[in-house]
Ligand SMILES: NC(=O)c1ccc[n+]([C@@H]2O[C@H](COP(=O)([O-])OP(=O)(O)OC[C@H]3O[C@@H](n4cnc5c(N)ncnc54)[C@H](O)[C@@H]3O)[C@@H](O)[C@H]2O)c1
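Here we start with a single chain on its own, the form predicted on its own, put down as structure tokens.
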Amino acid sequence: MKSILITGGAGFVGSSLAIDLRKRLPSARIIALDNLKRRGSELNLPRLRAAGIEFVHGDVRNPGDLEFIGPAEALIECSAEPSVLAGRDGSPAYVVNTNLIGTVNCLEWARRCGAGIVFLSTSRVYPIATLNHLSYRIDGDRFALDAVQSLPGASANGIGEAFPLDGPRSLYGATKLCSELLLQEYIDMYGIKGVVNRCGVIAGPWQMGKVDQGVVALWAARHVMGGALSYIGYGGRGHQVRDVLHIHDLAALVLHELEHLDALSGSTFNVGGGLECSASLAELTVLCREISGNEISIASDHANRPGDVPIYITDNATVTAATGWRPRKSTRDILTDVIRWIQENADTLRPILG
């Protein structure tokens, strides 16, 4: 692999993948394109520069910015407005134009230069109401999926690719699902090689966490720097659960997919930490207290947020069978890495995460 373009390349996922791939592919040309809209993404520019990665200040909504880069062998499409609340309280223009029109521009660029594509999608393609109909119970300080589920693709191990797709899922999820479908058409019609990864929660150092996206980094930051946190919805006890994937584990999968794109092309994989690397908010709190040495009070808000679900766990069975990949980092490993990063960079990060 001699040349790779990463869109959203100054964001948490894009920049982390770029730097990780640089270590694994020292002779490759790696280009990171980003519009720097998300606060904190500018902090990744010195990291990219130090790793010998080319940065282009551009926007996937503008096809000319992609053409300026010239051809490359592969595209890792990380650009996104990733909030499930995007467009709910205002115009949908940015989320639609970035996540959907931006994908069209990326696909056209890839078609013209013959680049293969690793497309980072989201578990949010699955409909909210259907996820809310999963059978689960309270197990200690968390919700747990029941062994018997009435929906295809659902089990005690989590959500597989056969889970139903009919129904509303948020503008974020809808635009990413539309982009998946377009990629499948480009694969079939133009012979592009491409893979879709439906990622759950991804975490690690250099994630600028917010309430609506990046909850692990947000939880860790509050325990290091102080500030307000709340258990929101589902009784306000912090029982809601997500699986968490370390960014370095994702990088290992992406490299494998790039190296085996011919064999894997057309595949759609659910990708996450899985049941073994999952935590409720209450369990996340305990880990943050243990690792940081700090304890903060957490408020309770019983009202559910729009678009939220009580439990989502990724079933990695398909991607593991196809690639041999599986997550290596535990939830404790992830939080240890994130908290250490925040402690070591507290002065720089306080205006963003504090």
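Everything numeric in this text was worked out from a predicted model, so none of it was measured. From 1 onward, residues are counted along the sequence shown.
Quick note: we don't show the form predicted in complex with this ligand, though the next part is all about it.
Although the partner is absent here, residue 59 lies within 4.5 Å of this ligand in the model of the complex, judged by heavy atoms. In the model of the complex, at least one heavy atom of residue 213 sits within 4.5 Å of this ligand. Heavy atoms of residue 172 reach within 4.5 Å of this ligand in the model of the complex, making it an interface residue. The closest heavy atom approach of residue 36 to this ligand in the model of the complex falls within 4.5 Å. The partner is absent here; in the model of the complex, the one residue of 202, 254, 117, 224 having a heavy atom within 4.5 Å of this ligand is 202. A single residue from the set 125, 78, 258, 281 has any heavy atom within 4.5 angstroms of this ligand in the model of the complex; that residue is 78. The candidate stretches are 187-195, 226-234, 94-102, 162-170, and the one lying within 4.5 Å of this ligand in the model of the complex by heavy atoms is 94-102. Contact annotation for the candidate site: 13, 82 and 207 all lie close to this ligand in the model of the complex (heavy atom within 4.5 Å). Taking a 4.5 Å heavy atom cutoff to this ligand in the model of the complex, none of the residues in 278-317 make contact.
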